[in-house]
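Shown below, as structure tokens, is a lone chain in the form predicted on its own; questions about how it binds or moves come after it.
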């Protein structure tokens, strides 16, 4: 058998880091944190624009922190620095570029399968975020324009005609941010941006009023087509338009195939768990926005990590 860890945590976002650090502070040692990307908090790095505000009380949801990680409002940069610091100050092994394929319960331990091998642990916590698997449109994206269709801003270069699809916080922030260097249209199937937080609602209203962003509200997209390497967007009830780039920001989904392959039961799109965040498999836990209706609250993720650490320490 390979080395036996006391605790393996899948996903190095806020909930994963909190589970690791709070467990360490409870006296648990031999903890490994598995992250498929090149660094922790990949969702914040990829989907948050530079200097984006990061609030403890996400969408006004007041959450009192239970554990010993003191998180406060900040920006994308200060939040990443904060998690850098707490990882540095505690003996948690972080394995990056390690994508977990499935988890199997063995006799008294878990085998966590990764590319090229497996890791053994007494307890496992899954903290995979929803945005790690962004929602994609139902219609097919033609191969010829796939490089022109994205789910983050990484490919944007400026001086382009861009369509942002979605009406939540990420879509609004993308549209407003891109409008400083591009011609931007935001398309949303509903008639208003009521899902977004008040700051973003105000920002998009100002951008539309000053003609910095064009809004298409109450509009659905039927399909995308290739037009000489650009993206022709076929709308349901208006004339089609052609864009240099289309950015989708339509939320994320629970990684159902991974959960099912690991034997974790789901109900209404969320993994089933008890008050200690333990799934139907004893010793296997879930935490973070994978357990939440819409996800996004760092404070709730931190509390999940603390609760799991306390439960494992008590029952270890």
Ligand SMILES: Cc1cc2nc3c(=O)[nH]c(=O)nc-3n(C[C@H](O)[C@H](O)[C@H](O)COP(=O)(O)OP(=O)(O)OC[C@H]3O[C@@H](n4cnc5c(N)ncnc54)[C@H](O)[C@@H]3O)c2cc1C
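In this text, all values refer to a predicted model and were calculated from it rather than measured experimentally. Numbering follows the first chain given and starts at 1. Here the rigid core means the biggest group of C-alpha atoms that line up within 1.5 Å when the two forms are laid on top of each other.
There is another form of this protein, the form predicted together with this ligand, and it is not shown here; the text below is about that form.
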Q: Look up in the predicted complex whether residue 129 has a non-hydrogen atom within 4.5 angstroms of this ligand, and give yes or no.
A: yes
Q: Determine whether any heavy atom of residue 15 comes within 4.5 Å of a heavy atom of this ligand in the predicted complex, and answer yes or no.
A: yes
Q.
Check residue 54 for me: does it contact this ligand in the predicted complex (non-hydrogen atoms, 4.5 angstroms)?
A. yes
Q) Does residue 308 reach this ligand in the predicted complex if we count a contact as any heavy atom within 4.5 Å? A) no
Q | Per-stretch contact check against this ligand in the predicted complex, the hit in 116 to 124, 94 to 102, 140 to 148, 234 to 242 (non-hydrogen atom, 4.5 angstroms) | A | 94 to 102
Q: Output the sequence-ordered list of residues from 9 to 43 with at least one heavy atom within 4.5 Å of this ligand in the predicted complex.
A: 10, 11, 12, 13, 14, 15, 16, 34, 35, 36, 37, 41, 42, 43
Q) After superposition on the rigid core, does the Cα atom of residue 51 shift by at least 2 Å between the shown form and the other one? A) yes
